[in-house]
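Consider the single chain below, provided in structure tokens and representing the form predicted on its own.
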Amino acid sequence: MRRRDFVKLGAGIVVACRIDPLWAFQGRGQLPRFNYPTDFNAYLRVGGDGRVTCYVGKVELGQGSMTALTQLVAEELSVAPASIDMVMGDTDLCPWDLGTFGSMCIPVFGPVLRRAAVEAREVLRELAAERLQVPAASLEVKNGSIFDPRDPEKTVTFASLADGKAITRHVSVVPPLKDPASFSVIGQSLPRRDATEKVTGRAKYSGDLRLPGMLYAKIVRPPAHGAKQIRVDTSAAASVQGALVVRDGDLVAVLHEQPDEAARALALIAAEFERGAAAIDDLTIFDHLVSAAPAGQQIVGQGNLVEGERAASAVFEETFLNAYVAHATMETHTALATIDGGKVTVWASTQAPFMVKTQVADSLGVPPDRVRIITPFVGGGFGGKTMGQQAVEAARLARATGRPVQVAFDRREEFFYDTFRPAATMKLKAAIDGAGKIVLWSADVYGAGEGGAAPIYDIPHQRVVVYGGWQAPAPGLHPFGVGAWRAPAFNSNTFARELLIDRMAASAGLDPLTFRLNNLSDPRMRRVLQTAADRFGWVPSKTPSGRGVGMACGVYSNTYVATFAEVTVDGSGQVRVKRVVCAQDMGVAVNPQGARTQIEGAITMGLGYALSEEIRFRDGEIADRGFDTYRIPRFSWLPKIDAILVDSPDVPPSAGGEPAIICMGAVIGNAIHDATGGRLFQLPLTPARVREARMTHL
């Protein structure tokens, strides 16, 4: 931030702490680590009215971060949550942030924000000490006031300290964060700060914004990925009254003051494309992933596989598959762009405003400091709104027309340009000894990525190799864009691992819970499993028992989760999930009710990838372009959900938004086996696949 802009923030005490614009993982599976150089600042402003404004680069996607981050500040600053105003995702006002994904708001950014609040509190304490002429150590801070408990007359408020001043100051030593035993705000189930706006319809998303003279844009799109534009005839579209046709390199669009007229003009454009050579489809993709895979990366290597096989009494080999899956967010990618005096401002539905800022600046060839991204409420992301194609297109068209331009993907565009959860092939080999102990684990993962691929069980001889993934797929591995999808890679790898675990348990003649506990020494995982089993009312039995019950467990970003489910399967293979119990150990829950809501949302979304969601395609053409064929969960599908937070006050807050989804494919797959005897190996678990598995069993 430039010094002049910093001062323009107005009256108040601005407290700065240092934050690194770059982050790096401390180790495989570990949380990112932040450094704090002086060239970037995460800050709080205490205004002359006593209100605290908190600026964060995170955004509100519906996950409740606005509320939880407020609680972190309120706790460390010792103010009421209602006295805090949140400014989120504005690249001109907020400190740099990588983006809102990976469930990193609380475990990664939370300590940074808490440290800023601690520093603010101590700066205010020092200023109060100077004002009251008493030692700072003798002063207490509570509800926006600083006072000497021995002399009630010696009291000063945050507001009076900030009156007419703009002061930056650091303390020489920042005290430690508060101990959980002293929390008064963290751990409370506070109402969502955005709830009233959203239920009344006052909440503004990018598509709700209007500017004088604004144009709606409709853009010529290819019929398939890999198709090359040959020629475009826009003459008929130009004849529509009020329509404006723009050609900017590869971008061909028609704009109008009315969106329906822009759509009508677009339909009159004659575009010709050249298709690429026939390649792969949703049936052949799994073999393609193996044959076209890049060199493998071994992420786990322990013991000796030959020795493991020698110790084995039974060896198991299976191949598991999962289809491409769309993010299917309620809000499509939308952006409104305007250019005024060389300053580009874009209101964008994005999870990563600073990333989009760079993309817009690069596309226009302007310095990044001439681009401002403002993020209103975002209607879901799940990893699908990290890139900003719609923002780039809106900015290019605003420059071409000299007017504000809104680009809002329709549902067909949303499905076409989505970065899908990658299809994947998981080849597993495992073995148990005569005592039912797992002695060998070997996994080759193609396409999915490494998340969740490492075993969570006690296995002396293990090897895991990953070939490609969602983060940096090899050229030609996937026929279209892939990316993060709520708990990336974990859903695929947990599905494969936990289904094979159940098969080994059955072979050993053991109940699935007993088998897992016999092969687990991690006390947190054992506790979570037992907690969920007790709440579910698990009765030990070898599978298949005909009851239609199953379990699965896993670890995501230091959060432990165990899920139990009960299902029914009718004669057509249709699965109905009746009940789900999910226990989650996420350390300290900042907002317990918010955490339970996240668990419920993850379970609901997980029903989709488990039972129905898959993208059908051929030669780059997406067959599923709407909710008429792409089936997401309905309200009528919802089971009774019991979300349990396992109390772990000694564990720092960890991931909350994604862990509960990772077990859904596996727990339902295991419950189907228990009901029918059939074993499934491919997601989603459609009626046709269930029927086939049942017939194979018979």
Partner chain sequence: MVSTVSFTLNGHRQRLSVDEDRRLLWVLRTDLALTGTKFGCGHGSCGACTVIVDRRAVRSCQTPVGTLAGKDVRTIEGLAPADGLHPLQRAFIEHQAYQCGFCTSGMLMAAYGLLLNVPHPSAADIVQRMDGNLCRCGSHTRIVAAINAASREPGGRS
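The structure displayed is predicted, hence computed values, not measured ones. Positions refer to the first chain, counted from 1.
Form predicted together with its partner chain: not shown, discussed below.
Inset, instruction - Find the only residue in 194, 126, 309, 433 having a heavy atom within 4.5 Å of its partner chain in the predicted complex. - result: None of the other options qualify; the answer is 194.
Inset, instruction - Have a look at 140, 274, 257, 317 for me and say which one sits with a heavy atom within 4.5 Å of its partner chain in the predicted complex. - result: Filtering the options by heavy-atom distance leaves 257.
Legend entry - Stretch in contact in the predicted complex with its partner chain, which is absent here, among 178-186, 410-418, 292-300, 393-401 (heavy atoms within 4.5 Å): Of the options given, it is 410-418.
Legend entry - residue 618, heavy atom within 4.5 angstroms of its partner chain in the predicted complex: No - in the predicted complex, heavy atoms of residue 618 and its partner chain never come within 4.5 Å of each other.
Inset, instruction - Report whether the minimum heavy atom distance between residue 559 and its partner chain in the predicted complex is within 4.5 Å. - result: Residue-level check for residue 559: no, no contact with its partner chain.
Inset, instruction - Consider residue 639 of the chain shown here, and say whether it contacts its partner chain in the predicted complex, taking contact as heavy atoms within 4.5 Å. - result: It does: once its partner chain is placed as it appears in the predicted complex, residue 639 has a heavy atom within 4.5 Å of it.
Legend entry - Distance check, residue 225 to its partner chain in the predicted complex, heavy atom within 4.5 Å: Residue 225 lies outside the contact set for its partner chain.
Inset, instruction - Let me know which residues along 180-203 have a heavy atom within 4.5 Å of its partner chain in the predicted complex, or say none if there are none. - result: Heavy-atom contacts to its partner chain in the predicted complex: 192, 194, 195, 196, 198, 199, 200, 201, 203.
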